[in-house]
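Given next, in structure tokens, is a single chain: the form predicted on its own.
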């Protein structure tokens, strides 16, 4: 049975005008967890607390069953068994790639040399040990930083926006390589990102932060399909909300009646969530009358088209359609929602 390898319990930290927590989080051994949230939500602060660069005002942090921070105990960063890759990689410009990786490894020269060679080969930089950081590409610098963080066999690896300095066309390749490497090492990893695609591709679970609090931690699929809060629903992917009212056992909206997954009192006001892939469109002829919606915007997204439709009620929904779908701007359409039991949120 898996147990928590990294555990934060009711951790709180105040920094100037910002307060993180109280926040509790548990990560299992070998798990890859992404920390996702808007700017200023506390993502990097959370990493710094785990690494030991910040001391919590309250709560406790444990790594592999050992308390590293609480009201009475404090373990210095270098003694926590934590490796961290910073956003700017923080390589020493006057040291070669090999020397950067070797920095901080306390052992004999022969052992260090073998360890450096092993790690550079592991991250695909075999033969580049003598190059300096300015002689390496952004992707190669990132790999050196990763190898350096792994050199001391950390119990937990922390990554702060690991792909933000890479060209867009290089990021997918580096994500795939990093995921394979971490899976092979069975390394417990937490990484901060603002890129939802990155989080969904890499993470076993995703923790969503908002204003210093943990909104939800779950698998990517459950996070998208079953958001626990209105914030998560809006923040993850695209979501639109229709005003609804419980009447006669159904949820009345501008797009018809839906079933409720839970019994609600008559007259209850709710917001009904619909995702773009759930919204179907049908072109109407002029003779068909006003129709239910008006196409007001269109943009391409990853080989698909995202249409914005204004309903007769004044509400707006979006619909994801194939690249070949033809719905001209200002044309009227019939709008249908595939699901009959959508998620609802109290208004």
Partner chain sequence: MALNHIRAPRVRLRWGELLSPRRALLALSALAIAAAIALPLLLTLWRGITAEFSLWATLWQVRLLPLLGNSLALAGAVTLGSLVLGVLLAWLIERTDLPGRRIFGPLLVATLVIPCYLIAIWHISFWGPRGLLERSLETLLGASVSVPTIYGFLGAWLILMIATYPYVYTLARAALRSLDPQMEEAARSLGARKLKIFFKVTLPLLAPALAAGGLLSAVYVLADYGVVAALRYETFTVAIYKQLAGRYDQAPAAVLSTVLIALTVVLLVLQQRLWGRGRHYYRASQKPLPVVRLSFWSRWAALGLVGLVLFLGLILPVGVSLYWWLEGMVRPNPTAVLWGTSLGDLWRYAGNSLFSAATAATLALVLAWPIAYRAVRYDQHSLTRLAQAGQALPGVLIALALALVLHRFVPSLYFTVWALIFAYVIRFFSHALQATEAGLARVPVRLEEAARSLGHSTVGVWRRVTLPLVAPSLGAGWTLIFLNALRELPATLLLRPPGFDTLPVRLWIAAGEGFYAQAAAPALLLILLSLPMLFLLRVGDRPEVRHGD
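The model shown is predicted, which means the values in this text are computed figures rather than measured ones. Positions refer to the first chain, counted from 1.
Quick note: we don't show the form predicted in complex with its partner chain, though the next part is all about it.
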Query raised in the report: Would residue 86 count as a contact of its partner chain in the predicted bound form, using a 4.5 angstroms cut-off between non-hydrogen atoms?
Result: yes
Query raised in the report: Taking heavy atoms only, is residue 71 within 4.5 angstroms of its partner chain in the predicted bound form?
Result: no
Requested in this report: May I ask you to state whether residue 134 is within 4.5 Å of its partner chain in the predicted bound form, using heavy atom distances?
Outcome: yes
Query raised in the report: So, in the predicted bound form, is residue 94 in contact with its partner chain at a 4.5 angstroms heavy atom limit?
Result: yes
Query - Selected contact from 118, 197, 266, 78, since only one has a non-hydrogen atom within 4.5 angstroms of its partner chain in the predicted bound form - result: 78
**Report entry** Proximity to its partner chain in the predicted bound form, single hit among 192, 82, 209, 233 (heavy atom within 4.5 Å)
**Finding:** 82
Report task. Determine which one of 176 to 184, 144 to 152, 250 to 258, 225 to 233 lies within 4.5 Å of its partner chain in the predicted bound form, judging by heavy atom distances; exactly one does. Result -> 144 to 152
Report summary line: Applying a 4.5 angstroms cut-off on non-hydrogen atoms, the residues of 26 to 49 near its partner chain in the predicted bound form are 48
